[in-house]
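As a starting point, one isolated chain is supplied in structure tokens, in the form predicted alone.
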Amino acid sequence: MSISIKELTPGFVGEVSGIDITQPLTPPQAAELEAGMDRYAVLVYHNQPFTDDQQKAFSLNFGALENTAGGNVTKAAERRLDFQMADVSNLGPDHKPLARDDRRRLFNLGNQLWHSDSSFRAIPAKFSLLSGRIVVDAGGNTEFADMRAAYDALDDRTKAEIEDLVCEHSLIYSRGALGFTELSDEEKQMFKPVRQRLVRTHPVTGRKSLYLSSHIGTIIGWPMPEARAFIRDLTEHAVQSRFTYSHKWKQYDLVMWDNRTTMHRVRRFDETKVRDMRRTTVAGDSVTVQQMAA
């Protein structure tokens, strides 16, 4: 059976069938799936009961894995998963839901804001691959926004205005927006802002896209209030329903997306229920702008 990609959302989301991605891929299969990512930006796979090692092996077809250290307030002794797996569940090491006032849970509520994974790193991420090991019946959808289509829909004046703008990104900004401001000196250093272009060009297709995220705190050279108001306007434009897709999870779904051309967020769910979601992240290979003291 050959690989098939069914279009779920025109030019944005594809549903893959005809392949078991828990097993090793041939180079032509990996190339075909990467070409699908270049075309769509989000690919959905059903019934893929991964182990962590199988998920990492599949992810390595598309590049080196990002080390998740530095992207959370979870201490080493509190981790359920190794450093190549991002734990975006609501669970502690005992596999039980975190308490409502647990610091780790409060920090992770930032995932409900529109963002791009690892835009807070000097070299931002390429792909994210999220595996639904245990899913909830209600809520918990993951929504995606097509930042290429959002860019294309801008008027020429706005495109010219934003072409060379550079933004500061940090987890300090996204978590601060929710009132999570009590950070240790070590965490403040770990979350030190980095700079990213506001407009990115895809290295294969040449398409331009907005590079937005809740991690943005300001635009270099702009007064912060003006910058934040402008970024809010661009975000409201980019997440209109005509640019978005909402994924309703089934157990063992794997959803893969391109962080260079999308934003995403998780929706609320009953956090007394177990929701076990495990992400691998394919590292990027270049900066979007030369880093300076941000």
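Throughout, we count residues from 1 along the sequence that is shown. Quick caveat, the model's predicted, so the values are computed rather than measured.
From this point on, the text means the form predicted together with ligand OGA, which you will not see here.
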Answer option from I219, I162, V88, V135, heavy atom within 4.5 Å of ligand OGA in the predicted complex = V88
Heavy atom within 4.5 Å of ligand OGA in the predicted complex - the one residue of V266, I231, A57, A30 that qualifies | V266
Could you tell me which stretch in 112-120, 199-207, 96-104, 73-81 has residues with non-hydrogen atoms within 4.5 Å of ligand OGA in the predicted complex?
-> 112-120
Establish, in the predicted complex, whether M147, H237 and T262 all lie within 4.5 Å of ligand OGA, using non-hydrogen atoms for the distance.
-> no
Any chance S214 has a heavy atom within 4.5 Å of ligand OGA in the predicted complex?
-> no
Proximity of T142 to ligand OGA in the predicted complex, heavy atoms at 4.5 Å | yes
Does the 4.5 Å heavy atom contact test between F50 and ligand OGA in the predicted complex come out positive?
-> no
Can W257 be called a contact residue for ligand OGA in the predicted complex at 4.5 Å between heavy atoms?
-> yes
